[in-house]
Ligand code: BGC
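One chain is shown next in structure tokens, namely the form predicted alone.
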Amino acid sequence: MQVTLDGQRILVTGANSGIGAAVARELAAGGARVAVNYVAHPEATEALLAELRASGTDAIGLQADVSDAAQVAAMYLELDRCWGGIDTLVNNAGIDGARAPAWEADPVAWQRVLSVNLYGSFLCARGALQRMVPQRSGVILNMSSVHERIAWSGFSAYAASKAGLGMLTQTLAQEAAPFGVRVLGLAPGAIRTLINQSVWSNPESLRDLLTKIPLGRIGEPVEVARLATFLVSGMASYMSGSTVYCDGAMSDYPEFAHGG
């Protein structure tokens, strides 16, 4: 079964590293045109764009802080200029913030997590829907987390942002469905990326983490990327309004909140 995205105009936010970069590569392999959004590390973005273009992909880089409404608006205007619009948005940009119990958390840092993860996802979805609704087609995939469902001690802002993203996904799906636009969530579990290298590179912390994953291993970015590619493709044409978990059954273990 071959997933094809021939010519689809796809924006992936936070796409110059980790899961976002893996998603960009898989979408490109499916024949899509890929816009790589980033806010930092332009050298990583240029390396990824060179890789994608070498494979024959029409790829562009778009620098924008997704939590800034003006920058998001400018990003979409550049998409309009380059490609005449958008067919699919993958809302991947996100941060986890510093670990702290709520009573010790810095309010500014706490709000920053919600600004990027939830408000930023809203702003990017809003810009996409302003284009998708008139054309009566499109897909939005919000990258959530197992912590949409599982509490995570020390990371109340992150968990709250992902729980909010789950309901945002459902609401946008309900609003956009009459216009032929699908909205979905994808919730990875523990995935081997640089952002959590301190966990999987430490034998003791990795051993503890694996007790909470029934499949007995952490996931790889490409495993999330393959599922993302399927969800935004026509193969998933009757799916909308739900969050799909890619977590090795980790979400069956809510006691993660006390060990994580």
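One-based numbering along the sequence shown. Since we're looking at a predicted model, the values are computed, not measured.
Although it is not shown, the form predicted in complex with beta-D-glucopyranose (BGC) is what the next lines describe.
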{"property": "Stretch from 225-233, 191-199, 33-41, 49-57 whose residues place a heavy atom within 4.5 Å of beta-D-glucopyranose (BGC) in the model of the complex", "result": "191-199"}
{"property": "W152 within 4.5 Å of beta-D-glucopyranose (BGC) in the model of the complex, heavy atoms", "result": "yes"}
{"property": "beta-D-glucopyranose (BGC) contact in the model of the complex: R131, any heavy atom under 4.5 Å", "result": "no"}
{"property": "Partner contact for Y119 in the model of the complex: beta-D-glucopyranose (BGC), 4.5 angstroms, heavy atom", "result": "no"}
{"property": "L11 within 4.5 Å of beta-D-glucopyranose (BGC) in the model of the complex, heavy atoms", "result": "no"}
{"property": "The unique member of L123, I86, V146, A176 whose heavy atoms fall within 4.5 Å of beta-D-glucopyranose (BGC) in the model of the complex", "result": "V146"}
